[in-house]
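For reference, the chain that follows is the form predicted alone, supplied as structure tokens.
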């Protein structure tokens, strides 16, 4: 590999191997997932050369972006090569007239939107890790985020990809040279690679659809003394014919965490707080925000709304800091990512929140819960003392019961973070015979099984 790529593109010191053996998941903090070598790719040619070498020598390859994933998806389950794509971070072209941008996979989401904002455009998928995560990782996991209810998933904005297959061959999906915003030509290979978690090939270039930036945003905040009323309020807003760009929920533990982290925000004490975001032209936003407030007032008198940018930013900050704030509810403890991404039917969100609280009490483990109630996607954040072997063991049971709860309620064990290592055990139950079809596709493209092995499919 030195002869093939040069020493400067390789990392193999013990400290490097250790650093690349983690992502944000609790699982990678409790196991050993060190690779044998790291390749820091500087070009698509480096990626192709690495994959060809791996193909010739039956060596596992694990594509990796920023390492912000929460499922163990970008660590080496079976050794081999971790392929660091983060240096491939160029925005190659903005085709504003055709509402698309072409970029490399290592571009950070927030940087892309800062670039697009100069032309009054934006890339709508909005994960909470916007300042860290890369668009390649978002495509590989088909990320969603807070605004998925109105704008959809990352996959809805991927028009085409350059992908290096497990053989080392490069293909372009979405029609070679195309600048069309839609196509019905051939099998939709773009959708096949989106969400494949690096198991079918390596993305080296993305053609993404972008949209005009909304002229105005408004926000309605409502506090509920009865948790179930929050779910009723969401359904009532939809039935009133209003589609917010986001609806976020914070349970009582999340409200407490935010207020400890940022006392100036002073979120109201309640069983739940809902944040409804509206976007569009200013008169339309004002009308929709007022309509939401009217509907929600049937379920709680504690409602306020704003459409002035500074007020909206101040109210929205409560939701944006909750992930970082979760650990504040218990001094000296740490928020861990386990059982953190279930998705249930919208009407059953209150039931899921109650269930998570019951699991928290059963195992005497604090769990801060928040999420995208508009699509039923909930993020449970266990808070534990990492030095306690007993608490580390209990959080495994907490995660298992949260996943079981999601399936019992007719949901899924992952709404947007992916499967990786952490949720393989649930795939047979969730997909049935369809999982065998997925395996056929994987084996057809990667008969040697070198691409990100040990992920998604149960052992």
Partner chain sequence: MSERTAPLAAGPLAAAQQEILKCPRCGQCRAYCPVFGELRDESSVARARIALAKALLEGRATADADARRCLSECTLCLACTANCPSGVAVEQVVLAARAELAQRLGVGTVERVVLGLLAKRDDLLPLLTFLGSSLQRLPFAKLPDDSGLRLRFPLGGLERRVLPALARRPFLAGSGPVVGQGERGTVAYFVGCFDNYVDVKTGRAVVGVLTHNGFAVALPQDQGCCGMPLLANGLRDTALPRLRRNVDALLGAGAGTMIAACASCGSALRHLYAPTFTAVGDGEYAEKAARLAEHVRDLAEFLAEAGIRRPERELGLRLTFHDPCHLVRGQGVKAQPRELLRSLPGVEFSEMAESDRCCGGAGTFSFSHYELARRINDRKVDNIEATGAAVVATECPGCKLQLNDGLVRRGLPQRARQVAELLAAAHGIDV
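These numbers were taken from a predicted model, which means no experiment stands behind them. Residue numbers count along the first chain shown, from 1.
There is another form of this protein, the form predicted together with its partner chain, and it is not shown here; the text below is about that form.
Undergrad: 334, 252, 170, 360: which sits within 4.5 Å of its partner chain in the model of the complex by any heavy atom?
TA: Among 334, 252, 170, 360, a heavy atom within 4.5 Å of its partner chain in the model of the complex occurs only for 334.
Undergrad: Within 4.5 Å of its partner chain in the model of the complex, heavy atoms considered, which of 180, 265, 386, 92?
TA: Contact residue from the list: 386.
Undergrad: Would you check whether its partner chain, in the model of the complex, lies within 4.5 angstroms of a non-hydrogen atom from each of 13, 66 and 131?
TA: Judged in the model of the complex, 13, 66 and 131 all sit within 4.5 Å of its partner chain.
Undergrad: Tell me, please, which stretch of 320-328, 183-191, 307-315, 279-287 lies within 4.5 angstroms of its partner chain in the model of the complex when heavy atoms are compared?
TA: It is the stretch 320-328.
Undergrad: Is it the case that residue 437, even though its partner is missing from this view, gets within 4.5 Å of its partner chain in the model of the complex, heavy atoms only?
TA: The answer is no: residue 437 has no heavy atom within 4.5 Å of its partner chain.
Undergrad: So in the model of the complex, is its partner chain close enough to residue 448 to count as touching (4.5 Å, heavy atoms)?
TA: No, residue 448 stays farther than 4.5 Å from its partner chain in the model of the complex.
Undergrad: Consider residue 441 of the chain shown here, and say whether it contacts its partner chain in the model of the complex, taking contact as heavy atoms within 4.5 Å.
TA: Contact check for residue 441: no, nothing within 4.5 Å of its partner chain in the model of the complex.
Undergrad: Although the partner isn't part of this model, could you tell me whether residue 34 comes within 4.5 Å of its partner chain in the model of the complex, counting any heavy atom of the residue?
TA: Result yes; residue 34 sits at the interface with its partner chain in the model of the complex.
Undergrad: Do any residues of 1-39 have a non-hydrogen atom within 4.5 angstroms of its partner chain in the model of the complex? If so, which ones, in sequence order?
TA: Contacting residues: 11, 13, 14, 15, 16, 18, 19, 20, 22, 23, 24, 29, 34.
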